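Listed next as C-alpha cells is one chain, alone, in the form predicted on its own.
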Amino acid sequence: MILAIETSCDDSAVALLDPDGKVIFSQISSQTELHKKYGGIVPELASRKHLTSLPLLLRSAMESHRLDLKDLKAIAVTYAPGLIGSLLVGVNYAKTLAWMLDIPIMPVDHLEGHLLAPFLDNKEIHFPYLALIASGGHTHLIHAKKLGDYQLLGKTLDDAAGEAYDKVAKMLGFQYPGGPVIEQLAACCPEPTIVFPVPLKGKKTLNFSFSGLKTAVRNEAIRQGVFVEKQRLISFEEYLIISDEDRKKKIADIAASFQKIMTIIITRRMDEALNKTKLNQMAVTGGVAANTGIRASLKRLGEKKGVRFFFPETGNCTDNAAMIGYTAVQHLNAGNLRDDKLFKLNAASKSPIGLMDVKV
C-alpha cells in the first residue's frame, strides 16, 4: 500500500493507493472555514492547521481499512510548488514516517499531480493531450507528450485564474473561496451587460494575464458603488437576504460579466493551442476546472473541433492526495524511480514544470 500526502496550500489531504494506482482511500481536511473571513489564505494559519490535521487523516485512513503502518510500502508527498510553510509540514511528516518505517519516499511535483488528475476519473484519456492547469496558484497551458515529458505552451504573467476569482469576489464583499460564489452570482444574472476587456488581445501568445481584468472589475465596482473594502465579508446566503435589490442586481451583473469574460479567455486560449498543436485530446484540471460554465464552454469547443474533452470529478479538481499518489505510482511502475535520499529531500516554493521556458 502506498501512502500519499498533499499539503501544498490550505487543504490537508491523505490517500492510500494499491501498487497499480487504484485509489483505496482519499480524504481532504478543508480549511475553508478557517480562512474565509479573511478573503484569502493566511499562510501561517494554514501551516499550523496541517500539523493537527495530518495525524488525524492518517489515523482515519489506517482504521477505515484495518491497516497498520507496517503495511505501507512507500510514501509519496508533494514537495513543490506551494506555500513553503505548508509544504514543509507535509514533507517533514512524510520523511519522519519513511525514516521510522524504513520505506522509500517519493517526491511529487504538485503541477504534475494536477496534470495526471484527469486519469483518476477517465479511463479513455491517454498521452499526448493538451492540458490547462487552472487553480488559485497556477495557470499553465501544457502539451503533455508522455509521462514526465511536458512542454509549457503558456502561463499567467501575473495573477492565476483562481486567484482572480477570489480577488473579484472579495472586491464585491464575499468570503473565500471566490470561485463558487462568482458562479452562484452569475446564475442570478443570465444576461450580463458589462463588457470587460480581453487581456493580451491581438498578441501572438498563449500566455494569460488577469491583473488588468481584475483592475477593470475593481473600477466598475467602484463606479457602481458596490466595491467593498475593510468591511465584514459575507457568504452567498447572506447576499440572498440583502434588502437592497438594486445593489444585488449590480453585484450579480458584475460577477456574471466577469464569469463570461473568464470563460471567453480560457476557451480562446485552448482553441488557439489546439490549432497549434493539432492534438485530439484536451483536459482542464485544478480548482477552476470545477467551474461548470468553463467546463460547458470547453465541451462545446471540443465538439466543434472533434477533440475529446476530459476533466476530473469535482473532488479531484482541487488539491488532493489521490493525484499525488497516482503520479508517484505511474513513475514507479514506469521504472522512473523517484525515491529521494531521505535526508536530502526538501520543500520548494517553485515547480520545475512551472519554471520551464514557454515554447510553442
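Numbers follow the displayed sequence, beginning with 1. Quantities reported herein were computed from a predicted structural model and do not represent experimental measurements.
There is another form of this protein, the form predicted in complex with a small molecule, and it is not shown here; the text below is about that form.
Remark: all three candidate residues (Glu163, Gly286 and Asn291) come within 4.5 Å of the small molecule in the model of the complex, counting heavy atoms only.
Contact between Ser135 and the small molecule in the model of the complex is found at the 4.5 Å heavy atom cutoff. The small molecule in the model of the complex is approached by Gly178, whose closest heavy atom lies within 4.5 angstroms of it. A residue is said to contact a partner when one of its heavy atoms sits within 4.5 Å of a partner heavy atom; Asp158 fails this definition for the small molecule in the model of the complex, lying far away. Using a 4.5 Å cutoff between non-hydrogen atoms, Ser26 does not count as a contact of the small molecule in the model of the complex. A heavy atom within 4.5 Å of the small molecule in the model of the complex is found for one listed residue only; from Leu298, Cys317, Leu54, Val329, this is Cys317. When you look in the model of the complex, the only residue of Asp271, Glu220, Asp121, Glu183 with a non-hydrogen atom within 4.5 Å of the small molecule is Glu183. Only one of 142-150, 276-284, 165-173, 242-250 lies within 4.5 Å of the small molecule in the model of the complex by heavy atoms, and it is 165-173.
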